[in-house]
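Just one chain follows, in the form predicted on its own, and it is written as C-alpha cells.
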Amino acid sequence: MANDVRNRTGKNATGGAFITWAYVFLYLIIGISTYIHHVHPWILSVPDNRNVASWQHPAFEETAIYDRMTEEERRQVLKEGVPQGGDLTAQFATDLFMIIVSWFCFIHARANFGSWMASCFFIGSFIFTGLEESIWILTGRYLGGLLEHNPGGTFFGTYWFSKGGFWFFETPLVACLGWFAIAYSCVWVAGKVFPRMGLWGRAVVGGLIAMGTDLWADPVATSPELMNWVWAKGDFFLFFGIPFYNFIGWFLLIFLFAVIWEKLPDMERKWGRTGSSALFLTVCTSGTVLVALFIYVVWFLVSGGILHQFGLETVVQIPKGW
C-alpha cells in the first residue's frame, strides 16, 4: 500500500492548514489537561496517589488490585501510596521516552505514506484512544456504584491511570503515544506479513496482534509493584486479573481505525485533502463514543448476562502477591 499512497498523495505533502490547526488544538488540550490534573485535581476528582484510603468510586477495597495483593502489600500501599505515584520526574522521563519512540514511528510512517497520512494516523489515533479511555474513566468515576444490577455484580467504576506527566483529559500522554506506536506497528506488520490480503483482513490481523500485545502488557502494568492503572471490581470474566472487555476494546479500536485510515486516499479523491482530514478526525471522535456504547451493550448487558448464567467469572486467576 505504501508506494500506492506515496504516488497519490505526495511524499512531502503536509495536509495544509487544517492539520496544522489540529496539532495546535491537540497541544492546547494536552496543556490544559496537564495543568488541571496536577494543579487542580479536584476539578476531575483525580484519585490521590499518596492517600489510597481516600479513594472513592471505587474505594481501595473495591479495586481488582486489592484482591491481588497480600496483606503486607495492602498495608504498604495504604502507608506509602501508589509505588512511585508521586515521582513526577520519572513520569515525565517516561513521557520523553515514549515521545522518542513515537517520533521514530512517525518518521517511518511519513517515509512510507507521506506527511499527511502520517499526521492523520498520529492525530487520529491520539484522539481515538485518548477520548475512548477518558470516556470510560470519567463515566466510571462519576457513575460508579450506581449500577447495582450489573450482571457481574455491583459496578464500582471502571479504571483510571495513576501515573503520568502530560495528560490528554484523563488519559496520560504515554498511553496515547503508546497506542499510536502499537497501532501503527501492528498495521504495518499486518500489511507486510499478508501483502495480498484485503483491507478488512489486514485490519483483523492488526487488531489481533495488538490484542496479543496487550494480553501480556496489562497484567504486568497493573501489578502491585507498578499499579500504572487501577481496575474496579464489578467486572466479570477476568483474564489475568484484567476485564476481558479491555482486550475486545483493543481489537475493535485497532481494527476500525486501520480501516478508516486506509480509506483516506479514497476520501481525498472525493472531498479533497482538507475535507477528508476533517471527515477522518470527525469519524475518529464520534467513533470513540460508538465503540464505548457497543462494548457496554454487547459485552456488559448481553454477553455478561449469558456468561453469568453459566457461572463464568474468570479464565485465569493471578495468585496474590504477583
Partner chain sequence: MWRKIWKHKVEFYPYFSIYLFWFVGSFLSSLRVQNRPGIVTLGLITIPSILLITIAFVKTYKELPAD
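Just so we're clear, the structure is a prediction, and the values are computed from it rather than from any experiment. Numbering follows the first chain given and starts at 1.
Missing here is the form predicted together with its partner chain; even so, the following discussion is about that form.
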Quiz prompt | Segment that reaches its partner chain in the predicted complex - one of 116 to 124, 217 to 225, 130 to 138, 74 to 82, heavy atoms within 4.5 Å | solution = 217 to 225
Quiz prompt | Heavy atom within 4.5 Å of its partner chain in the predicted complex - the one residue of L208, L88, L143, M197 that qualifies | solution = L208
Exercise. Would you kindly say which of I182, V230, I248, V204 lies with a heavy atom within 4.5 Å of its partner chain in the predicted complex?
Key: I182
Quiz item: Looking at the partner-bound form in the predicted complex, is A93 within 4.5 Å of its partner chain by any heavy atom?
Solution: no
Quiz item: Counting only non-hydrogen atoms and a 4.5 angstroms cut-off, does F240 reach its partner chain in the predicted complex?
Solution: yes
Quiz item: Is there a heavy atom of H57 lying 4.5 Å or less from a heavy atom of its partner chain in the predicted complex?
Solution: no
Practice problem: Could you confirm whether C176 comes within 4.5 Å of its partner chain in the predicted complex, counting heavy atoms only? | Solution: no
Quiz item: For 271 to 296: residues with a non-hydrogen atom within 4.5 angstroms of its partner chain in the predicted complex?
Solution: none
